[in-house]
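Presented below, as structure tokens, is a lone chain in the form predicted on its own.
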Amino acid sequence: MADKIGLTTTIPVEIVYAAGKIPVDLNNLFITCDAPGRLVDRAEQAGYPRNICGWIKGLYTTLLEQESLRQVIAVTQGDCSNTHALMETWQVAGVAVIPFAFPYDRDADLLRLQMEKLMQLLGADWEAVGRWKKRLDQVRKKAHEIDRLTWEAGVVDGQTNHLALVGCSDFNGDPDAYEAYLDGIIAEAARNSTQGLAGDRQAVRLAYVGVPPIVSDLYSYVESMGARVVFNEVQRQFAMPFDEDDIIEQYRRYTYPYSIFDRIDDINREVARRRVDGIIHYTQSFCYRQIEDIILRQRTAVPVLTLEGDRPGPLDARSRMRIDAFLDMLAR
């Protein structure tokens, strides 16, 4: 069986597959386990401070509890600023860490250098990486179709859209099985369309921007209150929504690891195209990206509700009340 290798966020996953290894996005493993709150507690028992992001604490324990994962690719630039210390605590525990950095200024030469260093470490070459890009792009096209069926046809709900797109970070370690999973969603959407089961076209149309939520019921709650999430910003980026043959350019156009201004350009384009009424900006407690909320509010054309999450679990009462008030305001 091929070796598994952990990922702290989306990286050029084509390289991992080309090296004959199985990528495992630790974020997906953490948040979909039976008791993610327990993993956060265990990190705190190990000494992680209370005022550190819940995702970082969850990733720490998730990796240590997976005996099959003794190697991880950690993004040191373009993701969480706490990743450096996370890497070091893993190294103390005997985990081999491979750093990967997205250049802040999107410099093509530096990005190519990072990718070539990763290829050398894992034992991949450009020819194999190119083959895997073509294969993964076939799967990504189906995720893009699910995204279209969400915002244009209204036959896929926001949470299904979220799960289909966010999983493109590692394709659950099995692109063939992941493609079959996406085919199933598309087939269900076709049945919904045939039976006239499209979502309420009068519903408030929302964009969800920011890192994927640590809370478990955000999508089901907002949709139970008469709204529809028709745009999942970062998750869509994980699915590489570009018609791009050059893999270097593909990861330069990927907005998440670079400046907030690149992300806002993408957000504003999609908000207009998808006729979004309002934005929910999710921020994680103790994350530096909370500061970017200042800029996002100044540079977007529709109302923004900023929601903060801390630990895994359902929305708290205060957040539900704020969502209710926001949706009421948008519906008037």
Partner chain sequence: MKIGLDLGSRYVKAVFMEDGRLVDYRCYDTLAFYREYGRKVDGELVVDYERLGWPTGAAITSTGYGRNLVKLAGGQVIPELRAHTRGAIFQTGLSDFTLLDLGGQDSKVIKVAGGRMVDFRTNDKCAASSGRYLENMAAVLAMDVAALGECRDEPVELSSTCAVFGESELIGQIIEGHPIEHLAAGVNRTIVKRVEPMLRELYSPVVVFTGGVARNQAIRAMLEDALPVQVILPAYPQLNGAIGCAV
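Note that the coordinates shown come from a computational prediction; the quantities given were computed from them, not determined experimentally. Positions refer to the first chain, counted from 1.
If you look for the form predicted in complex with its partner chain, you will not find it shown, but the lines that follow are about it.
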Partner-contacting position among Leu305, Leu29, Ala43, Val271 - heavy atom within 4.5 Å of its partner chain in the predicted complex: Leu305
Residue among Trp126, Tyr258, Tyr181, Tyr221 with a heavy atom within 4.5 Å of its partner chain in the predicted complex: Tyr221
Heavy atom contact within 4.5 Å of its partner chain in the predicted complex, the stretch among 259-267, 297-305, 60-68, 29-37: 297-305
Interface membership of Met225, its partner chain in the predicted complex, 4.5 Å heavy atom rule: yes
Partner contact for Ala325 in the predicted complex: its partner chain, 4.5 angstroms, heavy atom: yes
Contacts with its partner chain in the predicted complex - residues in 316-332 whose heavy atoms fall within 4.5 Å: Asp316, Ala317, Arg318, Arg320, Met321, Arg322, Asp324, Ala325, Phe326, Asp328, Met329, Arg332
